[in-house]
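Before any questions on how it binds or moves, here is one chain, the form predicted on its own, in structure tokens.
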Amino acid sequence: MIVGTSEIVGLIIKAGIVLFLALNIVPIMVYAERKVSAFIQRRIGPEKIGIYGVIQPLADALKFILKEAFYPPGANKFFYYIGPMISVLSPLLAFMAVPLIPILQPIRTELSALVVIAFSSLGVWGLLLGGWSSDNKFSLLGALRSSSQFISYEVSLSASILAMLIIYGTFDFVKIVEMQGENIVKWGVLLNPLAFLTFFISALAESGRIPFDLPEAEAELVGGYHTEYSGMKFAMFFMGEFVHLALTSCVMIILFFGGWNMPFIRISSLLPPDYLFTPVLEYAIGFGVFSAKLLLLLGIFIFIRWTWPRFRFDQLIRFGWGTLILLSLISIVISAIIAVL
């Protein structure tokens, strides 16, 4: 009974830490989006709220909280409210199976890859229900676009993950990172670059960001699936988008970039072996390495958003079902050859 209680307490603590870190990615991304877009467009960006505008995300959150909760008269009230919740809860639940460091994985299972795929794939239901229940033609069109787009690119995303699971022979994210170690030759990006390319493009499309933001497409659909949303319900859709982007980036780091390992250098070799706090320092350095890789990938995603044009919807679907799925299947064949040899 005592062991069971300690396990539950440990699970709650780990889940709380992971949720805190995942939710804090949102204000960081909001601030970075504004500053990077301002730099690219030769503007100043936010600078009035706090030093260099660093408290601007807090002001935005306060604005969303204080806004009037608008409700369309003809909307389905239950699904209208539950749509944004599903959108943000789906990636947060998937984060429970993502190890940021070996001891910081609330759901410790050998099938962590399947858990992440299962939970993250539920996010499209939030967009679909939100757009359908709003009783607005633009919202419905955005919901239909999002469902067709995300289902299309979910196939290539899962196939690229499967390609790496074939190479490493396990579904456990922790074991995959341990297999890669500090030797970058064993990192997934060098073992199967094609799988990395398909995963990167699919992750960009799954997050619904430019050049794959057709479900929103302000020039065509006003606001897409969230046209009739305001206040915190509107903010929850964007929270879900940013958390999902961070989730796919974390999975990308684990599968292709060695997780919390440093290239060429084993972290334990940098610390004294007999020091009492050596394990704590090793985990702290590993978390710092993982965070640096995450921020770099998120910065690349932000840069792509403000430099690439948007696809047409027919081009997006044709590329997803034609080119990208073919490349992901080829990457599976390459992984099978590597695993046999």
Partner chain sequence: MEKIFLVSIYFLISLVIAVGLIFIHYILSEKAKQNFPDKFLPFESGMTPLQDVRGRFPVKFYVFALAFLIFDIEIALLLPYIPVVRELGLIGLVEVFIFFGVLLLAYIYVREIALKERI
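Bear in mind the structure is a predicted one, so any value in this text is a computation, not a measurement. Residue numbers count along the first chain shown, from 1.
Missing here is the form predicted together with the partner chain; even so, the following discussion is about that form.
For F313, a non-hydrogen atom is located within 4.5 Å of the partner chain in the model of the complex, even though that partner is not displayed. Among residues of the shown chain, E178 is not one whose heavy atoms approach the partner chain to within 4.5 Å in the model of the complex. Under a 4.5 angstroms non-hydrogen atom cutoff, the partner chain in the model of the complex lacks P263 among its neighbouring residues. Residue contact with the partner chain in the model of the complex: K233 places a heavy atom within 4.5 Å of it. Of the candidate stretches 236 to 244, 195 to 203, 181 to 189, 252 to 260, only 236 to 244 has residues with heavy atoms within 4.5 Å of the partner chain in the model of the complex. Shown here without its partner, the chain carries M85, L165 and T170, all of which come within 4.5 Å of the partner chain in the model of the complex through at least one heavy atom. Counting a residue when any of its non-hydrogen atoms is within 4.5 Å of the partner chain in the model of the complex, the one hit in 22 to 42 is L23.
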